[in-house]
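Quick heads-up: it's one chain on its own, the form predicted on its own, in C-alpha cells.
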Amino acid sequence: MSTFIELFAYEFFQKAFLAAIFASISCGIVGSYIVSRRIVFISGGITHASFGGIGLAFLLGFNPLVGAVIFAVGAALGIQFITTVAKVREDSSIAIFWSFGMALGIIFVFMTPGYTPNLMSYLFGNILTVTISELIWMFVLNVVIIFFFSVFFRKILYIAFDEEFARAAGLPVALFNYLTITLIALTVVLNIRVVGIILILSLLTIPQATANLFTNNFKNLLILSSVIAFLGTMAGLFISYFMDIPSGATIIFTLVVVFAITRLYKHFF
C-alpha cells in the first residue's frame, strides 16, 4: 500500500492521475451518448481521420494535438453534413473520412524528415507523458461537457433515444447533432494521449457496456460509466507501471477483463 502512495510523490504520476479522472468523465459521458445513439463507428471514423492532422503537424512542426483537433472536428462535421445534406449513406461517409485521414497521416509521416519518436504515443497512448497544457484542455473539455449535458439533458435524452419524436416536438435536432458530434471529436482527440488512436474507441464503449449491465437509466449510465472508466484506467495504470508494459493497451485490457468478469457474474448470479 505504501508503494502506491509513494507513486503520488512523482509529478508524472500526479499528471497521469488527473488525466485518468478527466478522461473517465469525458469518455464516460460522451461514450454513453455514443452507445445510446448507436453511432460507435462514427467515433471510429473521427478517431482515425484525426491521424491525418497528427501527420501534418509532424511534417510542418506544430503541436500534433492541434492538427488532430482540426482534422477530427472537420471529419465529424463532414460526416454529419454529407450524411444529412448530401444524402450519402452514413457508413460510406464514415469509410471515406476514416480512409482519407489515415492515408494522409501515413503520407505526411513518411514525408517528415528524420524519425518521429512521439508517433507511437499518439497511436497507442502513454498516459504517463501527459503534459500540463493537455491537462488544462482536458479539464476545459470536461467543464464544457458537464455544462452541456446538464443544461440540455432532457433534449439530449429525447434525441438519443427517439430522434423522430424530438423533431416532431420541435427540437433543433440538426443543431444538437452538430454540437454533439463536435464534442465527440474533441473528446476523442484530447484523450488520445491516454490510450491512443488505435484504442480510444474502446474507452468510449467498454465502460458503458459494463455499466449497462447494472442500469438502463441514462443519467445513471453517465455516472456509472465514468466511475468504471476511472477504476479501470487507474488499475491499468498501476499494472502497466509495475509490469513495465504499455499503459494504453493495459488500461483497455483491464477494462475488458472487468467487463468479462461482470458479465459472467450477472449471468450466473
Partner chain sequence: MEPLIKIQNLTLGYDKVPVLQNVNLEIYENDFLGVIGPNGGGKTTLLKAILGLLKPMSGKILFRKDINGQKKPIGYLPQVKHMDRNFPITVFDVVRSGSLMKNTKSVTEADIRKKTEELLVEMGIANIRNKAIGELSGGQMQRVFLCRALLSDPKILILDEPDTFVDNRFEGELYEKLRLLNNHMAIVLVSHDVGTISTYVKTIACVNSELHYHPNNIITQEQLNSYNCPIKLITHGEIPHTVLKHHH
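Note that the structure is predicted; figures quoted are calculated from it, not measured. Positions refer to the first chain, counted from 1.
Omitted from view is the form predicted together with the partner chain, to which the following refers.
Consider the chain as shown here, without its partner, and state which of Phe165, Phe110, Tyr115, Phe147 has a heavy atom within 4.5 Å of the partner chain in the predicted complex.
-> After the contact test, the surviving option is Phe165.
Let me know the one among Phe238, Phe214, Phe218, Phe41 whose heavy atoms come within 4.5 Å of the partner chain in the predicted complex, would you?
-> By the 4.5 Å heavy-atom cutoff, the listed residue in contact is Phe218.
Thinking of the partner chain in the predicted complex, which stretch from 155-163, 192-200, 179-187, 89-97 has heavy atoms inside 4.5 Å of it?
-> Heavy-atom contact with the partner occurs in 155-163.
State yes or no: in the predicted complex, is some non-hydrogen atom of Ala174 no more than 4.5 angstroms from a non-hydrogen atom of the partner chain?
-> No - in the predicted complex, heavy atoms of Ala174 and the partner chain never come within 4.5 Å of each other.
The partner chain contact at Ala169 in the predicted complex, heavy atom, 4.5 Å = Yes, Ala169 is a contact residue.
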